[in-house]
Structure formats: structure tokens, C-alpha cells
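Below: one protein chain in two forms, given as C-alpha cells, structure 1 then structure 2.
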Structure 1
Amino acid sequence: MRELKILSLVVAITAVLYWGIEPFAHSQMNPAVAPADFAFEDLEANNKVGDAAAGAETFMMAGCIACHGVESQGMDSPMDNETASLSFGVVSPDLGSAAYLYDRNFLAMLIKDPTRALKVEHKFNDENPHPMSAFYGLGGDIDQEVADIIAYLETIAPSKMSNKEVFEDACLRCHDMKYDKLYMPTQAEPLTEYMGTLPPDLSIIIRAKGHNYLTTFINNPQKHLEGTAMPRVGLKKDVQEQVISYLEEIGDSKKDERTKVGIYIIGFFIILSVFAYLWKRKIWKDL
């Protein structure tokens, strides 16, 4: 009985300390941030109904293919990776999957005002313009022209992409994934100059940061790292989940197995504790 009293006291003290200290420590190490905003409410909605045929023409006249390829439509990237890296700091993305990946309102603002859409106004300005030129229209209703471009991109976007394909299109231009033998096409030196630091390999980021952190961070890096050069990615909610699922598949493939082993170990110690207590009673019962 004495041992049970001591155990109860230890459990009580531990519970009080945990209840009083852990929440504070957690709040300091992981400050609370607003939930991810997949509606991109800080951007104006483009509710225009786009015309894909007109959008294809506008897409060409706007000069998009001067920097971007659309491989699915037979338009290769106009620059090789080295030239693009030196010109822009990062390799320009192929736009064949843009409408699959990115939210419509985000995509509309990205075309009109890249720095605002990407939340990098603190880094780029009139003196230091963003590598992606803003689209100022062809003389008509700019919102309609943007809606037409998006409608065109929607017609050429794939209906389905694997988690790996999504990661490659959305993240691989700046990040390696060495666990899956994927390496960014952008050259390290121009990218470092462009970003201020070399973006990290993402092989174990899921284990370092966790699912909840990445959900808000990818959606808006400024919430966690104010002033970071990493842009808001602008992915749709289900597409972002594909990215995180891929990170879990590659970086934490043993998670389910580890969880099961943990449960078995806890069960083992519970059984061991029972036998240890019975053995102690047997040895000391006559004293």
C-alpha cells in the first residue's frame, strides 16, 4: 500500500507540472497561428466566366511562353535550366498543370500582381522587381483577359496527378528530395542569391515539423517565418494534402509501424509491472 501511495504522489506531481509547464513551453516553441486560408480571402475574387479559345490567344499574345513552357501542348521551355537559373534565380515552371495545382483566385492575382499573390512584397519592389512580370492587359477588360487565360489553362490541365508529380511541379524547382533521388533543376548559387539562403532538402521535413505545421506553412510561410523569402505556394487544399502525403510517404514511411510498436511496448511494460508487483509481494510477504 505504501508503494501505491508513493506512486500516486509521483503521478499527481507529474500531472501538475505537465499541466502547468507543457502548454506554456509548447506555446513558445510553436506559437499559435491562424488556420490555413485555402479561399485566399486576402485576394480579390475573379468571378468572370472565361473563354478558353480567347484565353489561348491571350496567353500567346501576353508573352507567357517567353519564360514558360507548356510541354503537354508541344511548347518546350524557351530556356535551359542553367540559363533560367541565371536569368531569374529559379527555373520557371511549366504551366501545363497550373490550373490543377493552384487556386483560381490565387492564379488570377499571380498573373496580375505576383508579389502580392506570393506575399513577397517585403522582398520585391520597384527598385527590386520580381522576376515574373505582371500582366497589365492587352487593352480590354484585364479581369476578363485573366479569366480567359485561366479557362485556357483549365482545358489543358491534367485531370489527375500522383502525389509525386504534384511535389515535382510545386516544390522541386527549389527543393531537393534526396530520399527519393529527386534534385532541383535550379542551380544552387543563383537560387541562394535569389532566396537569401539555399532552400533545404525536404526528405525529413515531415518528421521535423509535422503535418499541422506544414499545412499552414505551405499555405502562407509568413505566418511562421515573418520576412522569409519563401513565397506562398497557392495550392488548392486537396493538392496541398497530396504534397504533404508525399512527404509522409518518403520521409516518414515507418510512421504506422512505429505507432504499432509503441503500443506493443506500452502493453509489455504494463504486463511487466503487474508481474514485478506480484513477485515483490511474494518475496517480501513474510517480512
Structure 2
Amino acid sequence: MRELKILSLVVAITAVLYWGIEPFAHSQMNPAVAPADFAFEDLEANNKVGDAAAGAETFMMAGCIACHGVESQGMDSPMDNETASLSFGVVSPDLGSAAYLYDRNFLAMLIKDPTRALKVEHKFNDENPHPMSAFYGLGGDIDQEVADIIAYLETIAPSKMSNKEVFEDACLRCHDMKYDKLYMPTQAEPLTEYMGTLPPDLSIIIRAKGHNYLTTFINNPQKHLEGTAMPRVGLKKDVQEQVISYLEEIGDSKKDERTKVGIYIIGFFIILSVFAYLWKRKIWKDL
């Protein structure tokens, strides 16, 4: 079958070209990075068992509510969005869902040493302190106090959150989600000054970056963009998965339809090819 030989040659050349311009080129332009680390192994683990009741007290004493609200517990944010934007560059998060969202070890380090947990040491130092001040302890064992605070946060955290709610609490303070009509509470101008650039709208970031990239990037932005001002967010594995699912629901809302329609159309053309072949055979048989 000479036609099949020609076809395989054409297919082979096309395949080499495809390999060169897609998988190979992208592996050269975007070298692979280590997989996401949801254990946050660079941070020392806090193995203390927390006491929620003590934590509630420590939480109040530590001064957390000078900047943070906990609306579910009747503690409103001490500042309105405008004041918070102008004071900190970004609206400070409500802590009601913190224990749902963030890894325990990450949270422990965040309380003790924010810049290290957030991986923004290249940006903040003694001269230019991070807007969240570190917790230096109330005089007792600081790790125990931190464990208590986390135990308290765990008791007040919701047991279930929707993908959208997760996004709102974890990402929306700096990123818009225009295609879902969600806009950040922080004002753009102070945020731009704080971050060095306006963080992008995330409406279709899933199509721009894809699932794999986002998995390692959200887990540790420095891996893909060294020196970026975006902090490490510290989301738990399944919570981060919720964020990405939400990005997909909004940014790639037709994914299921695409698969379904694709199968139908391909099926149609396979059947058509069979008939087309039979017709061709019929016409060419007496040639």
C-alpha cells in the first residue's frame, strides 16, 4: 500500500515537528520544578497539643483583633476596607476560616514569623517590616501558646466550605474574579504600591496556566517566579484543590460540554468516513 507508506511519512514528519514545537520547546522554556510540598517541610513542625479554651484567651491577649476580624464570632473587622488598604496595602483577612484553609504548621510559623512562612523575606526586613507583626509570645512557652491559638481557630472554623467561599477567603483580597463578578475588597492603588504591580484578575488563569502549574505555583510562587511579591499562601492540599476547581468552574466552564460535543462530532465523522469510503469504492471499482 503505497498510499499508507506516504501517509506514515507525512504523519512521522508532522509528529517530529509537533514534538519539537510543543513538548520539547516548553520543557526548554519552562524547566520542570519540584512537586508541590503540602507538608511545608522547610518549616519546623509545631508538635504541641493545643488547648482551645486557653487559645481563645491567648487569641484576645495577643492582639490579633487589632487588625483581624472574626465575624462568625461577632468580632467585626476593626477597620473598613479603605482604611485597611491605606494602612497595610491590603485588607487584613478575617480569621474565621483560617484553620479550614491553612496548613497547621504553616499557620504556626505564620503567627511566629510571617515573612518566613509567606516566603517574602526578599521583600520585607527590619527596615521594611511586613504589615503583619510577628507574635513574640505572652511570656510562657511560645509554641504552646501558638498551638493553643490554632486549637481555638480550629474550633471556630467551618467544617465545610464551598469552592467559591474558599476562593473568597484565600485569594480575593488581592485578586479579582471578574467573570464571576467578584471584586477584591482591597483598593487597587494601595495594593499596587504594596505588591509592586496589580495582581492579575484570575477569571481565566486556568486556561493561561493550567492545573499543574497552578498546583506548584500556589503552593510556592517562588518556584516559578523567583522574587515575586506574591506570598506563599499555605493552603492545605484539598483546599488548594478547591481553589483550582473554582478557577476551572469559572475560567473553563465549558470543559464538560467540550468533551461531550467532541465525542459526538468525532463519532459523526468516523461514521461519515465509513460511508465516504464505501461510496469511493463503488465509484472507483470500474476504473
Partner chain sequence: MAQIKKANGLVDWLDQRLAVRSLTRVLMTEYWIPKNINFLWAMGVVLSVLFTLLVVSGIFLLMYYKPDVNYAFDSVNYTIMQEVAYGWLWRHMHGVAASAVFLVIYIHMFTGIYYGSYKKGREMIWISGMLLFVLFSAEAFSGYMLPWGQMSYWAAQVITNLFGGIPIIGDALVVWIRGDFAVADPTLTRFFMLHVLLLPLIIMLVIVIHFYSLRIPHVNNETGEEIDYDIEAEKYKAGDKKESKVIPFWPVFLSKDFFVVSIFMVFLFYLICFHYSFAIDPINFEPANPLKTPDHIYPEWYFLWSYEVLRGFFFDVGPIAAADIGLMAFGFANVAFFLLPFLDRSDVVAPAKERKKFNLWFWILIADMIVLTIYGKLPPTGANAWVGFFAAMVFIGLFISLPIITKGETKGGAR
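In this text, the rigid core denotes the largest set of C-alpha atoms whose superposition between the two forms falls within 1.5 Å. The first residue in the sequence of structure 1 is number 1, and each one after it adds one. Remember, predicted model here, so these are calculated numbers, not experimental data.
Taken from the structure described as the form predicted together with its partner chain is structure 2, whereas structure 1 is drawn from elsewhere. In this overlay on the rigid core, K260 has a C-alpha that sits 2 Å or more away from its partner position between structures 1 and 2.
Core-based superposition between structures 1 and 2 puts the Cα shift at V274 at 6.7 Å.
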